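First, one chain by itself: the form predicted on its own, in structure tokens.
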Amino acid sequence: MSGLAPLLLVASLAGWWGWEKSKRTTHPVEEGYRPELQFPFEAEFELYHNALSLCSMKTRLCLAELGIAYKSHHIDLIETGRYENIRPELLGVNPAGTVPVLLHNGHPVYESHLQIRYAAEHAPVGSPRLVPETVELREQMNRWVDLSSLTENPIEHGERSAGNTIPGLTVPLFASMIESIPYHRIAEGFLFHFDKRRPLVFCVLKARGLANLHRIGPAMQVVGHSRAQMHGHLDALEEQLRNSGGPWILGSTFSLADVSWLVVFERLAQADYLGVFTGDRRPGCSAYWQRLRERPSYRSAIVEHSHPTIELGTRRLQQAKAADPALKRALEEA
């Protein structure tokens, strides 16, 4: 009888995994507004989002600028504590397991660069205009939105946009944040996450520790390439701000382009990179970032959605660099 116990345990675990997996089916979704889909809803606009997610910050900021009230559903990622993005609550509205998801009367809009355009088109009467009226300015706005956005396989295509450099530049912040996340929570990703590389990377970062990050060759290669590419994108932004006359990317018109770039700067602040990319090196970008932070939407969409794990990660990263000049040089210098 005792010999059956291990078999029964294995069978029970396999049965549990199969049952749990059946509730966590994932597959890609077509981006944009999906009128043929409708999910239960309580408010005209609802948003499934995460505090750390760059794209979530962008959509929250856009809604705040437009004065659109929404029901909030905060979804944790493993970086902020647990894998809620691969659990039924989110998978029920987005089988791709990504955030943000914007619902309008129950109909989903997928991908933040399309969510902000959709929100601007469906804002209440009297909301600020975030899309210019002239064709020329709209084309410029769309170009700068694209230059700030994440695309497919971002780490491999950092030259395409500043948004694509963000995952690489976030590696040090991930390494500091993951220190406070238990291994058993990361392990959930091996069981159910659609990309097994992510929990593997997080386990490696946690095992090696932030203090040894600069000794992990592949990680530092990603950081270095992303840093160099971000310098190029911010040089272009510095030139655009100078040529437009400011105070915004399109000149006097605050637009979706500025919404999109604000969150890029916010991530640089979270990952303690502002000193590398702004200051005397790019005075136009420095002044631009200060103006962005003074907008009421920054407080309501960013500051009021701060997360203790992010704040702890930023402090830990700053402390580690202050304690080890070699780590600081590896992260910040070409």
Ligand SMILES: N[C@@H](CCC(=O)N[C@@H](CS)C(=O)NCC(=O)O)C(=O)O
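For clarity, every value in this text was computed on a predicted model and none was experimentally measured. Numbers follow the displayed sequence, beginning with 1.
As for the form predicted in complex with the named molecule, it is not shown, yet the points below apply to it.
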Would you check, heavy atoms only and a 4.5 Å threshold, whether S297 touches the named molecule in the predicted complex? no
Might S53 be said to contact the named molecule in the predicted complex, defining contact as any heavy atom within 4.5 Å? yes
Applying a 4.5 Å heavy atom distance criterion, does V99 contact the named molecule in the predicted complex? yes
Could you tell me if F194 has a non-hydrogen atom within 4.5 Å of the named molecule in the predicted complex? yes
Looking at 180-188, 107-115, 241-249, 205-213, which stretch has residues with any non-hydrogen atom within 4.5 Å of the named molecule in the predicted complex? 107-115
Could you check which residue among S161, S176, S255, N85 gets a heavy atom within 4.5 Å of the named molecule in the predicted complex? N85
Only one of H122, H225, H73, R198 comes within 4.5 Å of the named molecule in the predicted complex by heavy atoms, so just point that one out. R198
In sequence order, which positions of 144-169 have a non-hydrogen atom within 4.5 Å of the named molecule in the predicted complex? L150
